[in-house]
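Just the one chain here, the form predicted alone, laid out as structure tokens.
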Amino acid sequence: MEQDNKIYDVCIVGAGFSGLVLAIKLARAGLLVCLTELNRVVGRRILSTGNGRCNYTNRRMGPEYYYSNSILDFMPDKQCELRDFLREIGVLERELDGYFYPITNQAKTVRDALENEIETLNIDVFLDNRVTDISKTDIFTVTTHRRKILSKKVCIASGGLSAATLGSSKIGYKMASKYHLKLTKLAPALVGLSGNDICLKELGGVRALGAVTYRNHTCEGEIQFNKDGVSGYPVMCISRFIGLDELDKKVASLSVDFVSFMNDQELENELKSRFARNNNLDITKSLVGLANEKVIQIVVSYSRIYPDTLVCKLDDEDIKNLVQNFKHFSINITGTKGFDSSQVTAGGVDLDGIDLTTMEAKTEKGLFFIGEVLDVDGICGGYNLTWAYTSADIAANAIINEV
């Protein structure tokens, strides 16, 4: 076990996006900073964000894009500052409908730029160092499986339980409990769903636009079906609620609206109009253009109508069944694909125990928490990296102002 006599101003536990941002901001202000990281490289999880393209922020920003057990009115809009910060270290941006990516379309660009800045600032980085404990006397001692690090302050940026193969860690939660902070329930978020409903075997491989509803939570976008589950943007955005229900073994069914651009009455009128236009067409031909071809076949089948039925043979009950199945198609799901497949963790260190103007624990002076370890998670669209930056920036400003 190594121990350096050096006493750092701040030791940051975790060299992910939030930890790297915090280290850079503090080092630029002249503080002596170090990072501990259980992986052999910094920013490993950044490489998987945005399907490898790193959608790092969004022009549409606000508390309404985030979930927490606490009120998030404190959260400032930092997306412009984040874009400026990344530009400063060489990341040129590409905007696509309000979503911001590196112009290279590679997440590696963001990770490499952050690593280059860390090296330029001569920040000590202890890679392959798994933190096992954080204790405090006059100052903090951060113990890893390789060394002891002395520091005046400690910031935990260790992330959550998601993506274990990329280096997830429970240390943030363990230290929160040690220092008497409450934890909320933890569940996978931004994750696909599992199911064994027979309709999934029929819809496997289909990508269809629509709206997905789980209980009272709805999101719209491209839905991706496979033989053992459902994924896609709208599913990912509401998956946290399925994950939380899965903890209590009370998972409900998923409702899919394949014609979300019309309400029920408008769809009924559309169907009657189509059927009246040419009442000698069979039903599948009459419905062409309303939804994905495979979806039409499934909806017709689930409405108990033969695909070669002429529309002149349909009655009002048939039309109501079609509306019901197009607009409220029910899929039985068993839960999520789990933490290993998730992009972020829902829940975390309860914000009631954190001074939200500084990110410092109310129970221990000098101990800070930022990023995913806290009870804040965003929907798809760059919101979680924006939160990582926002919380790091709040902590950086508070620590610098104390010096």
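What you see is a predicted model; the values in this text were computed from it and never measured. One-based numbering along the sequence shown.
Not on display, but discussed next: the form predicted together with a small molecule.
S.K.: Would you point out which of 348-356, 364-372, 330-338, 22-30 contains residues with a non-hydrogen atom within 4.5 Å of the small molecule in the predicted bound form?
M.R.: Of the options, only 364-372 has residues within 4.5 Å of the partner.
S.K.: Could you tell me if residue 163 has a non-hydrogen atom within 4.5 Å of the small molecule in the predicted bound form?
M.R.: Yes.
S.K.: State yes or no: in the predicted bound form, is some non-hydrogen atom of residue 221 no more than 4.5 angstroms from a non-hydrogen atom of the small molecule?
M.R.: Residue-level check for residue 221: no, no contact with the small molecule.
S.K.: State yes or no: in the predicted bound form, is some non-hydrogen atom of residue 106 no more than 4.5 angstroms from a non-hydrogen atom of the small molecule?
M.R.: Contact check for residue 106: no, nothing within 4.5 Å of the small molecule in the predicted bound form.
S.K.: Does any part of residue 38 reach within 4.5 Å of the small molecule in the predicted bound form? Heavy atoms only, please.
M.R.: Result yes; residue 38 sits at the interface with the small molecule in the predicted bound form.
S.K.: Even though the small molecule is not shown here, does it sit in the predicted bound form so that 17, 45 and 171 each have a heavy atom within 4.5 Å?
M.R.: Spot residues vs the small molecule: full contact, yes.
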